[in-house]
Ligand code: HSE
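Quick setup: one chain, the form predicted on its own, written in structure tokens, and binding and motion questions come after.
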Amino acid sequence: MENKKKIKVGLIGLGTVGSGVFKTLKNFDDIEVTKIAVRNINKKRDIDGLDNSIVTDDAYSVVNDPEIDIVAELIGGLEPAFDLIVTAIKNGKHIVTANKELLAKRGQELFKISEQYNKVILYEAAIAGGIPIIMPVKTILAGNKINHIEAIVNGTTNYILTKMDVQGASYEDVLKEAQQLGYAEADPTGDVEGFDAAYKIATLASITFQKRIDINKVYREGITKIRANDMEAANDLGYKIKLIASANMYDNGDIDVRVHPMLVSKKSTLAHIDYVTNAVMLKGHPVGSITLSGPGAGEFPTASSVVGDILAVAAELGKSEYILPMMRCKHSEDANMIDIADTTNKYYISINAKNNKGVIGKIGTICADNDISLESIVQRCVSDDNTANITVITELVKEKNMQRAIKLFEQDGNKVNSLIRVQV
């Protein structure tokens, strides 16, 4: 049998994911990693079989290397990643990336350039680590009209919320512990304020609904205001609190994409996705509702998706002039995105009210005046300072009416501790 030419791969980044990709690719005889760009060439790397002569701190030497067929970009961030990928495409290379921020903010430009040069960009690892989601949506689920996505796509926040729930602990205490264990970054903003989840849901919504999603119009709210009391109240009411990334396409084609904490019914699968596990639930016709869950981050789970993409490209090289047509970007229409103020939701509200006569009546009146129907209103204990803790769950309400009512509660001398949307 003739000796088949090895497919040559260049890696940009040898951090957690890059190391996993290098180690996994060693199991494939027909693929060879011939160059790896790193930020710090002097860093000790304990990787079996790593030949230091292929490691460089000049990333452009990877994308400009005429021998390399596929470049895997695993450094994240906007620059230099964007320029490196564009350079690689112009030099005739196919791209595999795990870079959710880049796809959410500049994906449109990248896909346009890749099409101009007839190259593919695959990004299975950018949405939910090891969970296969892009390939299924673009291939096996392509016959569906999917109109609803609900997902837990950030392990750090899911870990923190699970720990708060299990331990009855405060957000601050659990965050510290998560940082010590390496589950949260020293600066956790990208995770805890919902940026990471927003990038992922924007990209997932754009391929699922086949419309361009403007990341600046994705409503985003993190988990920093969630209190141990909210966890307890939610449990009593039959819910768990999760950071949910959701995308909805209405019958008229309008699209609502957002990330925020939610009370999720304990009857729902997503309520039981705990610690660093991720899950993506899709609803559509004809499939109905399916949930894919698994590890959303980590060395080998993410490497699994990156390597899968590399192998998908490698299998096609030399077979056709236009490879992997199903995996390419096929949409150029901008989504008509709805502002959160114009959406309708159910709400959980926690209020500290002066324990005066008729306080519940007054809250009821403000709600009625703003077209808000209540599903339940519970007065919990009265504190030493003679304030009562009141928990309200509303029926479906317009967001702008709810926000107006919150202002009125506060003008009335009450303190609104929490306002969290409830899964419908």
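One-based numbering along the sequence shown. Predicted model, so just to flag it, every value in this text is computed and none were measured.
Beyond the structure shown, there is the form predicted together with ligand HSE, which is absent from this document and is the topic of what follows.
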Handout entry: Non-hydrogen atom contact K93 with ligand HSE in the predicted complex at 4.5 angstroms
Key = no
Practice task
Although ligand HSE is absent from this view, report whether T97 comes within 4.5 Å of it in the predicted complex, heavy atoms only.
Solution key: no
Practice task
Check whether T208 has any heavy atom within 4.5 Å of a heavy atom of ligand HSE in the predicted complex, and answer yes or no.
Solution key: no
Practice task
May I ask you to state whether T156 is within 4.5 Å of ligand HSE in the predicted complex, using heavy atom distances?
Solution key: yes
Handout entry: Contact assignment for ligand HSE in the predicted complex, among E150, D191, D256, E124, heavy atom within 4.5 Å
Key = D191
Completion exercise
Picking from V137, A297, V86, M327, the single residue whose non-hydrogen atoms come within 4.5 angstroms of ligand HSE in the predicted complex is A297
Handout entry: Partner-facing stretch of 344 to 352, 196 to 204, 286 to 294, 243 to 251, counted where any non-hydrogen atom is within 4.5 angstroms of ligand HSE in the predicted complex
Key = 196 to 204
Fill in the blank from the handout: Contacts from 52 to 88 to ligand HSE in the predicted complex (any heavy atom within 4.5 Å), listed N to C, are none
